[in-house]
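Form predicted on its own, single chain, as C-alpha cells, below.
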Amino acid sequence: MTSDSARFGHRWLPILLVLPLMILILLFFYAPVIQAFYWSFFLEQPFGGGSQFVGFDNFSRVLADPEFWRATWRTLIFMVTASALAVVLPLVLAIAADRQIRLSPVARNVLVWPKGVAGASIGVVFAFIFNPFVGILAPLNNWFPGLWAPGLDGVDAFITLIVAHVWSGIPFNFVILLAGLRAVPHTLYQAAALDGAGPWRRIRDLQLPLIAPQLFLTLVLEFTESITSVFALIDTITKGGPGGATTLLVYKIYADGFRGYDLSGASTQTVMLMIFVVLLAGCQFAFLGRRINYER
C-alpha cells in the first residue's frame, strides 16, 4: 500500500467530515466563552434590557464577595480530595487486574461500565444509596440517630459528592492506568524477581516509574474534571446544600446566572474559573510534566 492510497480523493472531503464537529464546538464552547468574556466587562440586564460597560467593576464585585471565596475554598478541597481518590483507587484496581488474580478478567469489564452512565443519573442513584432513611447507611441512624444526615450535615453531603465523583471517575482512569501497566515488558518483572525484589518493591521501583506518563495524564484530566463535571452531581444530590456546604464554584455560577439573574457576575466567575483551570493545567505541565520520562 502506497502513501497515495491513504489520501482523500477530494481536497474538501476531510473538511466536510470534520465540519459538523467543528460547528458543534463553535456553538457550544467558543461562542459561550466569547460571550462570557464580553459580559464580564458589561452590566447586563437579565431580560435583554440593554447593557452598560463597567470595565473591571464586575471583577472587583466578585472578588469582594465572601461567598465567592467560600465556594472557591470548597472547590479546592473537593478538587484535591476527590482527584486524589479518583486516581489512587483506579491505580490499585489496575495493579490488581494486571497481576492476573482471580476474577481480574471479569473486573476489567465490570469496572468500565460506569463510564456509560450520565452524571445526572449517577447523582440520582447515589442520592438514593446514601439516603439516611432507605439507603445503605440507614442502619447507622437506627443504632445512632442522626449519625448520617446528608440533608442536614454539610460534611455528610460533601462526602456523598466525593464518593459519587470517585465512582464515576474509576472507569476512564482504570483503563488508562491498566493500559500503561500492560505495556510494561514482562521481562522486567522477571529480572526484578531474580534480583530478589518483592511485590511491593516491584510496584514502587518498577511499575510506578514506568507508568508515570499515564499517571500524569490521569492527574491532569482528573483535576480539571473534578472542577467542571461535578455540577451534575451537585444538582441531583444536594442542590448546593445544606446551607451552601456543597455549593462549589461551578454550581454557584449556575445559581447566580439562572436563579439570581446576575448574568454579569456569573460570566465574570466563569472567566475566572477558566483562567484558574488553564493556570492549573499549565502549572502541572511546568512542574510535573518536565519530570516525566516518556522513554522506556
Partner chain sequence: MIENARSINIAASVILAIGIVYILGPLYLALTTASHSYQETLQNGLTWLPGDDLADNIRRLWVETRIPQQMANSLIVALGNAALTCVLSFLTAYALVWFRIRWASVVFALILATIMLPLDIRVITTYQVAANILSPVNALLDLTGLNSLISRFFGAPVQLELSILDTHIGLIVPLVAHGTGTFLFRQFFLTLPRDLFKAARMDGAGPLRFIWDILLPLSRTSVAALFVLTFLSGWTQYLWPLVGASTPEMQTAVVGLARLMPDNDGRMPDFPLMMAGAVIVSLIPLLMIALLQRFLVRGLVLTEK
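Positions refer to the first chain, counted from 1. Please read all numbers here as calculations on a predicted model, not as lab measurements. If you superpose the two forms and keep the largest set of C-alpha atoms that fall within 1.5 Å, you have the rigid core.
The same protein also has a form predicted together with its partner chain, omitted here; what follows describes it.
For the chain shown alone, T236 is a contact residue for its partner chain in the predicted complex, at least one non-hydrogen atom being within 4.5 angstroms. Its partner chain in the predicted complex comes within 4.5 Å of a heavy atom belonging to F172. Using a 4.5 angstroms limit between non-hydrogen atoms, V155 is distant from its partner chain in the predicted complex. By the criterion of a heavy atom within 4.5 Å, F56 is excluded from the residues contacting its partner chain in the predicted complex. Within 4.5 Å of its partner chain in the predicted complex, a heavy atom is found for not a single one of L43, I77 and T247. Taking a 4.5 Å heavy atom cutoff to its partner chain in the predicted complex, the contacting residues in 68-96 are L89, V92, L93, A96. After superposing the rigid core, the C-alpha of A64 moves by less than 2 Å between this form and the one not shown. Relative to the superposed core, I15 undergoes a Cα shift of 2 Å or more between this form and the one not shown. Core-superposed comparison between this form and the one not shown: the C-alpha position of I275 differs by less than 2 Å.
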